[in-house]
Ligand SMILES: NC(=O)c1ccc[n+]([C@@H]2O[C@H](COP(=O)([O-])OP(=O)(O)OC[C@H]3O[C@@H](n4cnc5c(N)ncnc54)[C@H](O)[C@@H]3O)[C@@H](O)[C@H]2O)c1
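Given as structure tokens, the chain that follows is alone and in the form predicted alone.
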């Protein structure tokens, strides 16, 4: 079977990871990436020998890129001529404008969490609502926080059913090097409910959700505490076994040294993962407990890479590469090396 041809538009924090993710999928081909200017990410790509073909989204900037030593294969139009689907990882609002181009070409596209939900036919999560994305032209991923939150809640929901969740999110204020955010020496509180709780209900409408979000001046990973009400009784051992069996969840122990977001980031680097990326969310084992019948636990979400697996799922759904969630996520997990 021939590989599906994928293009990544926007080679920033998320776009870099999506390009790497596509390359690892044995049934997909990364035709190339598109961006507008000689960013540090593109300079680094050139210094590594330009493993991905670059297409310039603004032809006027081609001389500037080439002057910076970044080889350019062609224009973004040239890239779009060759692909079956686009992963749009541009800044919020740009994807909506790009959609008009994709529509004129009859191209399918997957948008990231920064875009408004109405940019797409389906608000998508690979585990929670894969079948809703089958054959759809435009899918939009949940945000990094929501992706990790839904993974954990969906895991328990499929085991015993979940009625409602209450979440508290300690959110990193910016990505590494993203200095314009300016959140320094404060914990910034947002009104309840946070958008992640509302987005969870859009993906999983049978669950009632609410939550608090606090921005803190860190750059690696979000911490989310979750109080989930199950439909039937479950033991801590069963909860732990379910998390351990999930390919996109890594159970870690505080007593082993996994006591912070930075410990997880450092461990990913020690594993040799590019950029310290980790596709799995982490559940801190010692935080799994009960309040009455309610399950309480805490997760860490590595914001830079966590949406990569679900984006690969979205390609599979849109192009109907696999008809069921079980088949699709199994293929994605296999190629990404997830357990």
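No experiment lies behind these values; they were computed from the predicted model shown. Residue numbers count along the first chain shown, from 1.
Beyond what is shown, the protein has a form predicted together with this ligand; the following relates to that form.
At a distance threshold of 4.5 angstroms between non-hydrogen atoms, residue 293 is out of contact with this ligand in the predicted bound form. Using a 4.5 angstroms limit between non-hydrogen atoms, residue 10 touches this ligand in the predicted bound form. For the chain shown alone, residue 154 is not a contact residue for this ligand in the predicted bound form, no non-hydrogen atom being within 4.5 angstroms. The closest non-hydrogen atom of residue 303 lies within 4.5 Å of this ligand in the predicted bound form.
The candidate stretches are 28 to 36, 280 to 288, 267 to 275, 44 to 52, and the one lying within 4.5 Å of this ligand in the predicted bound form by heavy atoms is 28 to 36. The partner is absent here; in the predicted bound form, the one residue of 214, 186, 254, 94 having a heavy atom within 4.5 Å of this ligand is 94. Shown without its partner, the chain has 57, 89 in segment 50 to 89 as residues with a non-hydrogen atom within 4.5 angstroms of this ligand in the predicted bound form.
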